[in-house]
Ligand code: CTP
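First comes one chain, alone, set out as structure tokens in the form predicted alone.
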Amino acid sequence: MLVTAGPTFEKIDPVRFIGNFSTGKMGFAIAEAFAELGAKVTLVCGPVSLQTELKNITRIDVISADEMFHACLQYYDTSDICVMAAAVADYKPVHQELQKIKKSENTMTLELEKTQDILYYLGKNKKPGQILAGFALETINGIEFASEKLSKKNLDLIILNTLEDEGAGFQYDTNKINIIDKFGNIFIYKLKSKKEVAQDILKSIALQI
């Protein structure tokens, strides 16, 4: 299987970047849950401080969305189950400065362009029998937005968490999720440790096989 985890950093100059607060804890928990059952897992992760010692997890470290996209492409076709848990940056600077930008004016305009939509590409190129799961982190209208993402990106299921729920989202050791599958079923879970959430996700994926 293939799992992505953590953030991506999109460089502005050699010392600054666009990023987010993802720690990779959820993605690592998912990778380890499957590995403990004997699965051969490829874990593509952005810049995180986490470690895993399970020998059947092959870890690939990347920094940017482009690097994560190309790493996923390398392993996607041979993966039966793919869980895209990474918080990939939606935009990157059009121009990356080679030297540190010096502080001068009171304001600065930064031109951005979209990054490669990894999940959309994988969904468009999904093979028969291949299971593809994605994540949606929302702040409002979670079920609505996650359902739209599920359909648009041709997913088998989507895991929704929202910053409206205390203890859910980035940086916590806990998470509170809803899982929506391609049949329109919605499964609601209480706040749990991310290791326990990974088990719920594993069981939901098993129902799709």
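For clarity, every value in this text was computed on a predicted model and none was experimentally measured. Note that residue numbering begins at 1 and tracks the sequence as displayed.
Form predicted together with the ligand: not shown, discussed below.
Heavy atom of residue 149 within 4.5 Å of the ligand in the model of the complex: Yes, contact at 4.5 Å.
4.5 angstroms heavy atom contact with the ligand in the model of the complex for residue 84: Yes, residue 84 lies within 4.5 Å of the ligand in the model of the complex.
Partner proximity in the model of the complex: residue 123 to the ligand, non-hydrogen atom cutoff 4.5 Å: Looking in the model of the complex, residue contacts with the ligand do not include residue 123, since no heavy atom lies within 4.5 Å.
Residue 116: touches the ligand in the model of the complex, heavy atom cutoff 4.5 angstroms: Contact with the ligand, yes.
Full three-residue contact with the ligand in the model of the complex, heavy atom 4.5 Å, for 134, 137 and 153: Yes: 134, 137 and 153 each sit within 4.5 Å of the ligand in the model of the complex.
Candidate stretches 74 to 82, 87 to 95, 123 to 131, 105 to 113, one within 4.5 Å of the ligand in the model of the complex by heavy atom: Heavy atoms within 4.5 Å of the ligand in the model of the complex occur in 87 to 95.
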